[in-house]
Every structure is written in structure tokens, then in C-alpha cells.
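Shown next as C-alpha cells: one chain only, the form predicted alone.
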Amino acid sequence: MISIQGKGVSTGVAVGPLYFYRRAKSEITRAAVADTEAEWARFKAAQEKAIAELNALAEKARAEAGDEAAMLFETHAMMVEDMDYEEAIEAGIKESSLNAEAAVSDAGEMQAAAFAAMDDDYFKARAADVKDISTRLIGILSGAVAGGIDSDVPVVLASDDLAPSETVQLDKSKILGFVTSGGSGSSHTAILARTMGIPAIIGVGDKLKTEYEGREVAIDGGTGTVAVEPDEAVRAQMLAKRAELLKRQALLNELKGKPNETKDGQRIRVYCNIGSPEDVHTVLENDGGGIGLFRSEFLYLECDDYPTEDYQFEAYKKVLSDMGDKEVVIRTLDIGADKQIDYFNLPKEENPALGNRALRICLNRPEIFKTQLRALYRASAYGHLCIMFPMVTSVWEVREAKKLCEVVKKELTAEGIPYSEDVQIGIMIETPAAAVISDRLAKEVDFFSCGTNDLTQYTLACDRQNNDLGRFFNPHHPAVIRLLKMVCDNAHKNGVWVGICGELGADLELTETFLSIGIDELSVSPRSVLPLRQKIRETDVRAVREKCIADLLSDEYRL
């Protein structure tokens, strides 16, 4: 048995085969081939597989978001066997003796350039499609795996770390747990694991070797322990702990349907964070009171080009319809920093966390923002929608965003398209600037939601993705908690409600503090709803408020 220690970031126990994430190669291998007929046959096999993959994606998109969503993949399937494209690849292989990867790359670049040079906007847009199908074919030819996992059984997935664009493509039904060499507690891998309710361990470094692939591993997301080929005693211990956790979950299930009410009668809303319409069933399964954060950027991450208004409308409509009369807070596009999307063509920045991201991109590129707002307001007719703007630092940003909302509403009215007049507008408090001027911002919006991951990062000048910073990245730091209290005080003076949608919302060590300072809503991963409800119901706020506030103002608070 080999024991490896990392840092647990999502609790739970998993036992299963280890599998290393298969990432597509960024560079294309170019080589001369002797047997061109065999190479052509290799291309044809890849072409057939690509068409099958795209047709499967089209059916999945049709089931989840309607016919228009499926059309993109159907178009790509047809383009893969376009006669001109195929003939260019054949010439590269049979006439120039190129390997299939190089022939596909050259043909793709040539056709993309031809489309890009056309005057018609529709054909110009096809350049991105050609690049995408070429990337898919090259991936198949080079052995890359769609979705990163090629296994008939569920696995413990290992990787250095996963980018948001990679997590969105994963076949989640195949994942028992995560182990990463790098990452951080607020990385997207960790957030995904908590949403799925499976164990995750980060920071194991180079101790987890690729030669361990296929071997049985047992991981404990609570302790951060990884056991490769565990002996019978360790395996039995892990399985016993998993049984105990399942038993505890069964007890927590008895809290379903009960109010999130403290012993002294204070109620708080417990909502859920999601990244996809597919996550709604987990929210309902865990008795979430609503959705406090729908990360809409994941719709953009899973697409190869800007998602259309109708594509977004179908996704938002599904979430709102499935949630019935429960509140749904949808965050507008939040890309940049660690969430990069190729087709946005954002310039490389020295410090992207402080650069062009989130609402800044939306205000600088209003055509993209307006498309999303139209989809959101159209979907508002099907449920209880709240719209939330991320990365706010100034009052003028909020006012400009609200003006565009009014433009969209007037357009929809003129077009006879229904929408709800009862859409709340809110902002994320995730910068110290927003917290400090929250008294002024509260006059502009209906609610605040505190993104504690970024608020901690910007307040402490600590990169949230850098696991090496360890104890320096401290979400319990008094500066962070005092900012949250300031936000609550300023919000309530102006009749505005306050939530927390960052990972800190599920930190049971701080639940009493949050209740004491006046937080109205906590939005957490679906699996955290019932443990949080239990903690709330065990708390007497009157008994702890004085001590919590005194501790908060103390120089020694959590230092």
C-alpha cells in the first residue's frame, strides 16, 4: 500500500480505480508517412467517430435546450464530411504524404481563412466552426478523449487541476472523486466536487504517479488521505467511514421540509449554487429553498461560439420552470481571470484577476450583454427571476447595466414578447470597493450577494488559485468578516437583503456569526443544505449575538 497526503476540500469517501484525465495536446505533430492509404483510412475512422460524437451531442442539446441548441452540433456533423474540406485533407495525405493530424490542421486553417475573408457575416462566422471540427478530429486522431474520461466504470479522477472549460465537459456519471496535484480549496475542481457531493483532495504534488493508473485507490476527502492499493484494514476502515457518512446523510434527510429557523425564531433562506440546468434536480433533491447563484458563464464555456439568445433563453427557462415559484438568482456573464474562452479573443493580461473580466467585459461589449439580458427577461415569464451583476466596484457601473435592462424591456414590449415586471436586480459584493461604498450601492439595487472567494482574494491580496499561500489565504480573517458586517448594516438601512454565495456560506464555524450580523440568505452547494439547516436549527441567535459581535470587533478575532 502507498499512502499519499493532500488537502481535503470536499468531504466523503470513495474507493475505485485511478484514472488520469486525458487532455488534448496543444501542439500538432507533423510527420511524413509512407503508407498513405493506411493514413487515409485512419482519417476516415476519426471522421466517422467525430460524426457519431456530434450527433450524440445534438441529441443531448435537443433534450436539454431545444432544437436550436441541437442545430450547432448537427451543422458541425455535416461540415466534418464537407466535400471541399475532405478533398483538401485527402490531398494533404495522399499527395503530400502528411500524417492525418497535419493534413486536417492545414485544411482547417485554409478553409477558416477563406470563410473569414468573406463579406457575408454568416459565412464569416463559419470560420470558427471549421476550426472547431478540425480540433475535434485532431483530438480523436491524437488519442485525446472527449470529456477527458475513457472508462467503462466510474473512476477516481486524477489531474494537475482542471480549468472551468474542462470541468463543464466531464462525464460526471463516471467520477467517484477527484485528486489533483495542484489546485486550491476555491478552484473549480473543488467547487464541482462539492456541488456533486463527492470527495476531492488537492495538493498531492508529484506523489501520485501515472504508473498508478488502473490501480484501486481509496480517498478520504475529509482527511486528505489517498491510499493506493489499500491493504484490507485500510480498505475496511474507508468503507466503514463511507457507510457512517451515508447513515448521517439518512438522518439529515429527516430535516427535509423543515424550516431554516433558529431556536429563537429567526429564519434564514438557504439556497443553492449551480452551474448548469442539469444541477436543478440536485437542488430539489436536497430541499434547497431556491437558487442563490446560477453561474451563467458555464453556458458560454460549453459552447464553441457565442451562445445565441434562444439557446440561453431555453436554458434559463428550464431552470426557472423546474424551480417553480422558488427564487432563482442568475449571475450575468462572469468570464476573465481563471475562466477564459477562446472565441472571446480577450488579450493576454499580466494580472487577469485585476483585468478585463465579468461586468467590465459586458459593459465594454454591450452587444454580448444585451443578448444575455434579452434571454433572461424572456425567461422571467416562467418563474421568479433575480438578475445579479458580478465584479462591481462603482455606482456608475450599476447604473449603466440597469439602463441596458430598461432598453431590453422596452424592445421586448415593442415586440410583444412577455416578461415579468417583478425581476429583482442585485449585485455581487466581491471587491473591497463595493463593500466600502455599499451604502451608496444599496440605493441602486434590490439585493446584495457576497462572493466571499473573491472578496477574500482582493481584501488579503492573496491569489485564491495559489494553494502555496496556505494560511495566508484566510477567509476567516477579521477584515473579511468586518466587511461583511458593514455590507449588512448598509443594506438593511436601505431595505436591501443580503446573501452570501461564496464557499464561506457553508462554513458551519461561521453560521452563528452570519446570523448575528444579519445575513438574510446563504447559498451553498446542494449537498451542504441539510447540514447547514441542522446548524441553523441548533442556534439561539439571542444567546450568541453579543459574543459574536464582540469577537468580531476584537483585535484577536480569528487571528
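The structure presented is a predicted model; accordingly, all values stated were derived computationally and were not measured. All residue numbers refer to positions in the sequence shown, first residue = 1.
FYI, the form predicted together with ligand PEP isn't displayed, but the following is about it.
Query raised in the report: What is the one choice in Arg464, Arg136, Arg378, His76 with a heavy atom within 4.5 Å of ligand PEP in the model of the complex?
Result: So the residue touching ligand PEP in the model of the complex, by this definition, is Arg464.
Query - in the model of the complex, the one of Lys339, Arg235, Lys318, Lys241 near ligand PEP [non-hydrogen atom within 4.5 angstroms] - result: Result of the distance check: Lys339.
Query - Contact test, all of Arg295, Arg331 and Asp454, partner ligand PEP in the model of the complex, heavy atom 4.5 Å - result: Yes.
Query raised in the report: Hey, in the model of the complex, is Cys386 touching ligand PEP, heavy atoms inside 4.5 Å?
Result: Contact check for Cys386: no, nothing within 4.5 Å of ligand PEP in the model of the complex.
Query raised in the report: Even though ligand PEP is not shown here, does Met428 get within 4.5 Å of it in the model of the complex, heavy atoms only?
Result: Yes, contact at 4.5 Å.
Query raised in the report: Is there a heavy atom of Arg374 no more than 4.5 Å from a heavy atom of ligand PEP in the model of the complex?
Result: Although ligand PEP is absent here, Arg374 would stay clear of it in the model of the complex, with no heavy atoms inside 4.5 Å.
Query raised in the report: Is Ile191 close enough to touch ligand PEP in the model of the complex, meaning at least one heavy atom pair within 4.5 Å?
Result: Result yes; Ile191 sits at the interface with ligand PEP in the model of the complex.
Query raised in the report: Pick from 155 to 163, 302 to 310, 111 to 119, 287 to 295: which stretch has a heavy atom within 4.5 Å of ligand PEP in the model of the complex?
Result: Going by heavy atoms within 4.5 Å, the stretch is 287 to 295.
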